[in-house]
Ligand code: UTP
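Given as structure tokens, the chain that follows is alone and in the form predicted alone.
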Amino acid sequence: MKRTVTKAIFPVAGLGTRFLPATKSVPKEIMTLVDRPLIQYAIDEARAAGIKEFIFVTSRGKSALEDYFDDSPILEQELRKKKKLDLLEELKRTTMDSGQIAYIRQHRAKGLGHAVACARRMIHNEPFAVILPDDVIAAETSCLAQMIEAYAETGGSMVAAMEVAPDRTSSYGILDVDSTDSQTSRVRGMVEKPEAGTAPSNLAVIGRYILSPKVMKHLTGLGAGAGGEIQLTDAIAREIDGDGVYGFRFEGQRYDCGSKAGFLQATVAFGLARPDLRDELSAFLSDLSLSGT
């Protein structure tokens, strides 16, 4: 019998060096995409998929991220007094109930696998999701909700996957799958950041996972892999001959908000999707294009 996925891990311990100097004092995860921080998009996606417990793996300097989810009684009082009820309702969406959220410190940056393993005592023997807030996915049905529906049929472990250009495979974990035609494919092999020309396919793992609790056991004592870090894909790969690993081609548009170009692309795309911003932003972009700037 397959168990319901109600817990999600959010690895947010990174230093965000690609966005310096902004991230000198502001955690990358609360940098705003239009008018919501990256972490809010991840939380909203998890909630839409039925996640009830939110586990954040943080590091020193992330107190602003933790404060973001607290009540703001003075601000709420002011909004109520000024009858800005729409903003008040929006603010309430950022608050997490006591007991819903937990914070765990990753004291040393040893890779994504190590960050996930830091939360092992909170997972116990349950399947769990992992969401990387850098990957923002615009979809009619949230990416994680799509995966959980597919997971109900497969069990095992599941990774979100998308096709990338062959010259980009060295930047991702790459799957070797038994079928290139179906949305859900059984994985035969995984390799993290393969050297150019050695990738088994151009099907890349992106930042959404549903994992068997056995993956936590594999992470314990796992040595350094690609880049000298403990790689989550190495632990997942050990389940290929066990309960199985599946690649899921999600429906939606993924934006790599861990890069400056991807963040800017997402800002434009999400801005154009907003009825209150679309016309003005579209006119600006049109003028910009005509002026050749």
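None of these values were measured; they are calculated from a predicted model. In this text, residue numbers run from 1 along the sequence as written.
As for the form predicted in complex with uridine 5'-triphosphate (UTP), it is not shown, yet the points below apply to it.
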**Touches uridine 5'-triphosphate (UTP) in the predicted bound form: residue 109 (any heavy atom, 4.5 Å)** = yes
**Prompt:** Any of the heavy atoms of residue 17 lying within 4.5 Å of uridine 5'-triphosphate (UTP) in the predicted bound form?
**Reply:** yes
**Contact flag, residue 115 vs uridine 5'-triphosphate (UTP) in the predicted bound form, heavy atom cut 4.5 Å** = yes
**Prompt:** Taking heavy atoms only, is residue 132 within 4.5 angstroms of uridine 5'-triphosphate (UTP) in the predicted bound form?
**Reply:** yes
**Asked** Can you say which of 66-74, 42-50, 22-30, 235-243 gets within 4.5 Å of uridine 5'-triphosphate (UTP) in the predicted bound form, counting heavy atoms only?
**Response** 22-30
**Prompt:** Within 204-219, which residues have a heavy atom closer than or equal to 4.5 Å from uridine 5'-triphosphate (UTP) in the predicted bound form?
**Reply:** none
